[in-house]
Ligand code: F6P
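Just one chain is shown here, as structure tokens, and it is the form predicted on its own.
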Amino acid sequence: MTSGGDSPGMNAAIRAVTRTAIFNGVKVKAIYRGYKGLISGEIKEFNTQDVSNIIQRGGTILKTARSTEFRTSEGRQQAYNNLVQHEIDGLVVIGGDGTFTGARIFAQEFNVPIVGVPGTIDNDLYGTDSTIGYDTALNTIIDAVDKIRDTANSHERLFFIEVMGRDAGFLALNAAIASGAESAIIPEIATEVDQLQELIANGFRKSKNSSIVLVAESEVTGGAQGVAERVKREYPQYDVRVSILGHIQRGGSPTAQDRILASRMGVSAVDALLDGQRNAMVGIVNDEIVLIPFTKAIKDDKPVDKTLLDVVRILSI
């Protein structure tokens, strides 16, 4: 099943899980709409044809939904009853930290073997170098920034572009490098440094006739709108514009990298269940598949490489 926010490459993971199970002589059942569908019993047996021609599609064919009911013991009991009724012995859940938090509680309460596959564009899960959808989202952002730069140059404006990453600046920071942006404002250092003041103090416009700054959509950073309003108050000489990329970042056909990553992780998730593994997330470290306990994947903060901020600063002169 897929749960939480969708990300490009989820369908590739669904395909890999389905076909790996069948390859190993195991029946596989698809749960629609995440934990909500597990509670309501939206469960269907899949065969290899059910996942044909989906590897190139964005989103998730299994749909996804939030489930407040799964947060209750009664809801989880109903979910377990449906597992028993459908003779399901183990779960592969594809999603982010919220998905794995629910999976960990469910596994502890009912002793259900669960393996997670990290599907989130934020790339904020500890224990894996990359998550499914991150590379595609990064490329989507770069494409959008390239287009915005055309109009920024034409009008000599300062653009603040908001990208996703509520608690993590991986998208903003790496997209800033790849798109040649002047700076990235990210939540990881927002409490340590006044990033806007630093940006202004460095004379960010210098010899340029336009500037682009990427801002993570965090409450800590204030988002692009919050930063822009502050510029209007404190530095009214600048012509400021805001672009919020929003859900465009989640859509689109997955890149080759995301398709390969999702396929490898899907195969490894089924292999892990067949090997008796449980309560763990499949990750990738130095191009090697690893298993990370849910507790570490959820609770431990994934550190951002702060030297990348220096890369942005150096290359923006």
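Start at 1 with the first residue shown and count on from there. No experiment lies behind these values; they were computed from the predicted model shown.
Not pictured, yet referred to below: the form predicted together with ligand F6P.
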property	result
Residue stretch of 159-167, 233-241, 220-228, 87-95 approaching ligand F6P in the model of the complex, non-hydrogen atom distance within 4.5 Å	159-167
Contact flag, residue 99 vs ligand F6P in the model of the complex, heavy atom cut 4.5 Å	no
Ligand F6P contact in the model of the complex: residue 247, any heavy atom under 4.5 Å	yes
Heavy atom of residue 137 within 4.5 Å of ligand F6P in the model of the complex	no
Exercise: residue 44 in contact with ligand F6P in the model of the complex, heavy atom 4.5 Å	no
Heavy atom within 4.5 Å of ligand F6P in the model of the complex - the one residue of 120, 174, 128, 183 that qualifies	120
In the model of the complex, residues of 59-83 near ligand F6P [heavy atom within 4.5 Å]	66
